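Given as structure tokens, the chain that follows is alone and in the form predicted alone.
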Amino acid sequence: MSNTAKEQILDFVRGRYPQAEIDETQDIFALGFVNSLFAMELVMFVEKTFGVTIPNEELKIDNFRTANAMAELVARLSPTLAVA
């Protein structure tokens, strides 16, 4: 079971693409794994899973390119969560 935000995000992405080996630093947009629907699913997953609301100014592609970037976003929005 995943404990950190980064692990939970990676589990979510890997669950969508089980055939791919995706690590925390890989740009899932550049790899072609993200379309507009999956981008919205990522936003909804992050908000629901971590109990945060992503403000419009944080809805930037750079905040969602990698599991690291998404975990950093979660940490900024909810500093009490484990990110490592």
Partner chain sequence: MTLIATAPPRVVDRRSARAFVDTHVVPYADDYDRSGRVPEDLLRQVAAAGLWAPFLPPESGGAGMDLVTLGEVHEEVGRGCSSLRSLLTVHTMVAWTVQRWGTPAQRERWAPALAAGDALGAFCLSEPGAGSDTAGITTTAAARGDGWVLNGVKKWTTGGQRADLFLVFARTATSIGAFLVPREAPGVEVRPIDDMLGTRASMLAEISFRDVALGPDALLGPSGFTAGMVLTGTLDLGRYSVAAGSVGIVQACLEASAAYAAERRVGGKALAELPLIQAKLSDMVTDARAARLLLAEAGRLKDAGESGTLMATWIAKYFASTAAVRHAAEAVQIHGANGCSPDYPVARLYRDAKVMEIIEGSNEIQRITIAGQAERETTS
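Everything numeric in this text was worked out from a predicted model, so none of it was measured. Positions refer to the first chain, counted from 1.
The same protein also exists as the form predicted in complex with its partner chain; that form is not shown, yet it is the one meant from here on.
In the model of the complex, its partner chain sits within 4.5 Å of a heavy atom of Arg16. Contact annotation for Asp27: none of its heavy atoms lies within 4.5 Å of its partner chain in the model of the complex. Residue contact check for Arg76: none of its heavy atoms lie within 4.5 Å of its partner chain in the model of the complex.
Put simply, Ala39 is close to its partner chain in the model of the complex: some heavy atom of it is within 4.5 Å. Shown here without its partner chain, the chain has Ala39, Met40, Glu41, Val43, Met44, Phe45, Glu47, Lys48, Asn56, Leu59, Lys60, Ile61, Phe64 in 39-65 lying with a heavy atom within 4.5 Å of that partner in the model of the complex.
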